[in-house]
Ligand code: ATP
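Just one chain follows, in the form predicted on its own, and it is written as structure tokens.
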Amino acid sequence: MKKKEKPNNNNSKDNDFIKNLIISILIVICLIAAFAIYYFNVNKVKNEEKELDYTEFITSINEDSIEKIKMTTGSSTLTVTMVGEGEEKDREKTVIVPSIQAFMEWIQEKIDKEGVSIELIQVPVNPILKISDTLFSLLPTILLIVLMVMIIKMQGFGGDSGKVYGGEDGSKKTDVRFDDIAGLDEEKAELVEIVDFLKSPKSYLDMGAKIPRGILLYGKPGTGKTLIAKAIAGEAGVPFISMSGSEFIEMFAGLGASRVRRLFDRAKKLSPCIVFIDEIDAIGSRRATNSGAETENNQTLNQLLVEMDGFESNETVIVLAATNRPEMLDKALLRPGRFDRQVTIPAPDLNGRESILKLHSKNKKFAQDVDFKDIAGDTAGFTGAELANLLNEAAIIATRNKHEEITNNDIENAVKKITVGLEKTNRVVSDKDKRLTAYHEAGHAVVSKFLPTQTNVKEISIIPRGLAGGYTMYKTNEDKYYVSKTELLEKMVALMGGRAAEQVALNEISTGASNDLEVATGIAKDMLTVYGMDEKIGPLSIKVDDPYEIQLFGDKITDAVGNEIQVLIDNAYKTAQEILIANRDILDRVAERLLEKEKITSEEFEEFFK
């Protein structure tokens, strides 16, 4: 019979309570310590004038100048009242006796034999002072214990590793299903059988099939790796233990390996279940030399390898891991028997983006003119997380503009805000800078128009956005998986159009082309060192992980690469200049229209070429 789930408070709330309690105790102790130190120093200053030296004290007794002696039980400090006129309080002084027992025997003999007239008074200990003295003496120990408890809590000694969803301890269940994921149909189909494994492992075991030990999900950030892992657990209805790779690495040696052991011990108790390790490259990166922090990382990775290889055949525990950098992982981790499958989670294509937009639009109000297919076409390269953020930004913009529904214009403004930056209409820009920006952006647009492989211009603006003084947006109607050499060369020409327009029209160049130059140089470098697209260098990949490996190619190759990069950039710049010189009248008219209207749409731009 299945054990009934018991209601249980959230673990995070308990942890927060413990932390707040510890902090409160620390604050109280610090206040007590500060008050005690202040009180001690104040009393010390006051009592310095009333202190009596022990030698003077003995002389005063012999001279019969002492009227009264008060003694506190267990204390070696005496309160002495001197003989004289005035109030008793003003005549009191304190004296520290080296040996209270020897002094008592001596003074009693003085009183009995010599008849010294001194009144001896025994004062009981004040319980409040006794407690405060005890607390003050124990203060360093208490502070040390509290500090150790805080370190233990922060480093995770004891307690369980990872957050559990859907366990029998009443923890929250994951409510994510495959229907909540759009744009990843093939990837979901690949993982459906994992759900069958978890639901009915016996049928697979009877057939002689082994349950996969691990599945590695890799792709760009925001593509939905964590979401898919939760959906698998939600569909299978099994516990889901989630932990980040960075949580294993702490300041104490051996703690990472200990956490790995506790994590898998817990998983075996909850079997069948899913263990999800996010950002596994934090602990799964290639093992290096055993020195410094690398030793701890290696121990943690070794323990993970041992645990993933140590499942019993009857333990239905599947490890899902996610990373953005699979090339960083150790080869031992990727072999069959540990991560049996590696599933790429790509950025969605056109249809996938449309499905994701429709999925995230369910709780939002949209106007009739909104076409999700058009939006999907304008957002090539966006991940699922970025598309969700896009619609959220559009909803915020619509609310700010007091629209009853989200319009197509709201979504376009959201796209510009995300890709280019926030529009800064109030920024004061000089006429000189405006003119330079207008010619710069007009140069990009006009040059692109005469390059067959480049997409059509969507909008040109000289209103500052983000760090840019202006921008030229292009239509993206298709997803590109391969890029030709011609397209890369023409992309560099389009990038150099802004700098070329400044030179052709204003006989001046500015810092505004810095990003264009950076991107163009990157394209030229990749063409030579990664794609092998240069005739002189040849089909050679010079991309290296270690800087020292570049020495294998020799100085001749590296010099040739540098020279060819410069040749490609120079040729692109010359081509852009030639296009603009041949179409100088269009360049001037586009720039003047930008100075007049600040923005030009695609329809208005096409009018210049009719």
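Start at 1 with the first residue shown and count on from there. Predicted, not measured: the structure shown is a model, and the values here were computed from it.
Heads up, the form predicted in complex with the ligand isn't pictured, but that's what we're talking about next.
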Indicate whether the ligand has at least one heavy atom within 4.5 Å of a heavy atom of Asp180 in the predicted bound form. yes
Since only the chain is shown here, I'm wondering whether Leu359 would be in contact with the ligand in the predicted bound form (any heavy atom pair within 4.5 Å). yes
Lys225: heavy atom within 4.5 Å of the ligand in the predicted bound form? yes
Residue-level contact is defined here as any heavy atom of the residue lying within 4.5 Å of the ligand in the predicted bound form; does Ala385 satisfy this criterion? yes
Please pick out the stretch from 377-385, 207-215, 427-435, 448-456 that is in contact with the ligand in the predicted bound form, where contact means heavy atoms within 4.5 Å. 377-385
Just to be sure I understand the contacts: of Leu184, Ile274, Leu301, Ala494, which is the one whose heavy atoms reach within 4.5 angstroms of the ligand in the predicted bound form? Leu184
Can you pick out, from Glu412, Asp278, Asp534, Asp516, the residue that has a heavy atom within 4.5 Å of the ligand in the predicted bound form? Asp278
